[in-house]
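Listed next as structure tokens is one chain, alone, in the form predicted on its own.
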Amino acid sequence: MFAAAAQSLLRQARDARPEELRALGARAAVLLQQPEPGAEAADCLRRILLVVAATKRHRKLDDKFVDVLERALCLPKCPPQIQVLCAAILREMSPSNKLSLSCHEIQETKLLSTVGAILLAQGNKKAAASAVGQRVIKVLEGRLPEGQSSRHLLPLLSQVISVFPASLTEDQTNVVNKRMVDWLRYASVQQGVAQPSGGFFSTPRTRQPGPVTEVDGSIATDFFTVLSLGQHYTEDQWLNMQAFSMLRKWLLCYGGEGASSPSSDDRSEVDGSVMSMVSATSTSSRLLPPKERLREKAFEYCQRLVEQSNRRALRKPDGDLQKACLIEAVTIMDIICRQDSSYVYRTLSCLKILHGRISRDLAYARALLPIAQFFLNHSETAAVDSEAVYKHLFTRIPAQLFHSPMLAFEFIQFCRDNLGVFTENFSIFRQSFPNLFKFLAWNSPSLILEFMDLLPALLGPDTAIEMLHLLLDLPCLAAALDVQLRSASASASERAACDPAAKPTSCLEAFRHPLYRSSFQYLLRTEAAPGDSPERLAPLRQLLGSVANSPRVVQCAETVPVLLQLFFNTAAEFADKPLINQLVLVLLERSDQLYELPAFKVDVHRVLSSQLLLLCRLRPSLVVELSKELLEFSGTVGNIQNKEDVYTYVVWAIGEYMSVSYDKRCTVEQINRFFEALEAMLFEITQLRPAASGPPSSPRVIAVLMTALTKLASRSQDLIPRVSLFLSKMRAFVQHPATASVYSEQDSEEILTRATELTNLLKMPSVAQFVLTPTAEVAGAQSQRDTHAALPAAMKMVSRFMERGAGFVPG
């Protein structure tokens, strides 16, 4: 009911006419000019805001009304509710040339935050960000009046540096650096006092506030951080939390220049370690410049957070906050080390201990990513072998937490950000591709773009064949992951009910059954296993067909054609002759070994057929080298019925490339064997049986078979009479009642036209050989490219020439 009411309101707002909006504005302007605008003014402003915000069209407001909104916004005694509504309307109409707002004279921090946000929403971001930034720094630099708070300015400052970081000068950044040091390091460790709520009994007996506590309930003995807990917080404690929330952005914007000391590159590793300890113990941080002092205090703050993350939280929300703060702390420490290498050795020992503590706890899995990022960035500087960190990350985490959407996205993003390092230096990255594909199988729609970047880096000569099998089995993997999750959550009694001697009746029973255990283990493997045989998955595909209609499996299947296209395009860049031959064999083999999803099979066959064409063009001699396999494939009637697209392209490739022009090893015996096989297939699908309901094959297959036979006959001219005789019978075939009832008139005409063209061409064998098997120079011309089953343009010209005489049309 609520949703229906909301939709009705939105519809009314979108349908509001300009004159209605002007009337509302005039009414609101009158109400806002009263000494104390109340509930009626607020209601009127809400309606205007809804009309302005409910549509993407720019709603025009009266200039006088805009002036009234600006004046009301800046009135000292304007009610907060009215102020918020005025600001929201002004932001919604941005960018606008009607605004005359300025922040130069504003002293009140809350109003400055509101006006600054409106100015930043205007089109001229550079000028607005510069003006707002200057004013914020000016206010922070001075002493705030009683009752004013810097808390309102930090979100605005964060927005300024996001829009235009160069808006602040070095002196201004130093002002903020000094403030942030105080906010981060010197906040009170006593809890705040509860604010009175008003009323007769609103002033309780004065009681001294207690100290803040840690997440485990113990009293905090060190400085305040975002993980220090209290029932109420003081002003400087709120600033401490806000400063930490924008610390990463601030360091990235203003912490990098001049970060390393001048002689840092000349020190040895041992000297660097010693200097870092001296810096930590004997050097007063107050003697450091503001930027370096902030870096030092930020590092201490993050170290304290790492220590606090070791405490056991009493409440779940505090535990979640612990994990989030740990991720942020490690990320900031990594940034500090990139800006000043003297911190690397202090951080290294801290993160080694941290990794050892949390690596076995899956609840902290997301925190392992910034730790791994630190080792990627600094292990060479610190001369540390960190391969064990990456091995644990790539083998355990995807296998056990593939179902976590946030972790999946962050993990794949981590891989994308470090593709160059991983592909050049760490073999575990490519070896773990079966594990990484679990993220894709479970989260297909949201990760497809990321995997478009990832797949080329994972693909290589050593992984190509196994990856092709895995891509074709990706929906099967999604189904297996679903079964794995359900099995893990099954009760003990359900697990005990599995009888190893009985045949499993469901996927869950099969998952625990010894007969299928090795198949599931292979499909759910964590690393590449090139020696294993994918044929073992055939019974598993059949078994997992019961979950084929699961939305997750269907979505996963829809991503496979796109990834297959990318796979073959990438493989074509590095594949050598043996690999191309292997790919073609896998293509033929797997074309009838796919997961039972009809739409999936159609899409995959379409991609496989087009990629077969690509591989044949890359290496035409594969038709001769794989003649045994191609002969077996093209001579099977079932392949026409079940995978017409693939069969059509195989026949086309045979007709096009089974020629001495492409491979000197091609013999007349091979041509004759292919001719006999294709002739038998064409006879099988065009013979007219009395009981037949019609030909089972499409006109396209018939046309391709006729063309391939003609091409082969032109290269072994003893075959010309046989193919000519066959082509002469096509008119009887298309005119037969059984054929006419299945094929349209246009289809029949196309078959007959093709037969006529081919027959006419074969009457001049030397011309037929030139047209059907052109030299490399002729075949390379744009006008002669035989893309699918169509013949070169020269054939049509010869056919027209032959038709000028009589008796050349087959009857």
Partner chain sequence: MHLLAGASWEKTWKLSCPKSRTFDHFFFFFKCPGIFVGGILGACQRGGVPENLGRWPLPSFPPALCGPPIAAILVSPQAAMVHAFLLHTLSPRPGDAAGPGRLLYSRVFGSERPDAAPEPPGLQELERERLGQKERMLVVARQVDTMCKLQQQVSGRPAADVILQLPDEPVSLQDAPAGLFRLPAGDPFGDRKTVLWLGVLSLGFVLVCDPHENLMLAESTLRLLARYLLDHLRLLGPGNDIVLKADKTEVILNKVLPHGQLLFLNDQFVQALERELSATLPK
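Note that the coordinates shown come from a computational prediction; the quantities given were computed from them, not determined experimentally. Just so we're on the same page, rigid core means the largest C-alpha set that superposes within 1.5 Å between forms. Residue numbers count along the first chain shown, from 1.
The form predicted in complex with the partner chain is left out here; the points below concern that form.
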Worksheet item: Among S546, S728, T423, Q231, which has at least one heavy atom within 4.5 Å of the partner chain in the model of the complex?
Response: Q231
Worksheet item: Which one, I353, I428, L449, A529, lies within 4.5 Å of the partner chain in the model of the complex by heavy atoms?
Response: L449
Discussion item. In the model of the complex, does every one of H469, F520 and Y662 come within 4.5 Å of the partner chain, counting any heavy atom?
Written reply: no
Worksheet item: Only one of 428 to 436, 532 to 540, 343 to 351, 246 to 254 gets a heavy atom within 4.5 Å of the partner chain in the model of the complex; which is it?
Response: 246 to 254
Worksheet entry | Y649 within 4.5 Å of the partner chain in the model of the complex, heavy atoms | yes
Worksheet item: Do S610 and the partner chain come within 4.5 Å of each other in the model of the complex, heavy atoms counted?
Response: yes
Item to complete: May I ask you to state whether P445 is within 4.5 Å of the partner chain in the model of the complex, using heavy atom distances?
Response: yes
Practice prompt. Give a yes/no on whether P155 approaches the partner chain to within 4.5 Å in the model of the complex, heavy atoms considered.
Written response: yes
Worksheet item: Which residues, if any, of 40 to 58 lie within 4.5 Å of the partner chain in the model of the complex when only heavy atoms count?
Response: R46, R47, L49, L50, V52, A53, T55, K56, R57, H58
Worksheet item: After superposition on the rigid core, does the Cα atom of T753 shift by at least 2 Å between the shown form and the other one?
Response: no
Worksheet item: Is the C-alpha displacement of L762 equal to or greater than 2 Å between the shown form and the other one once the rigid core has been superposed?
Response: no
Practice prompt. Indicate whether A54 shows a C-alpha shift of 2 Å or more between the shown form and the other one, with the rigid core used for the fit.
Written response: yes
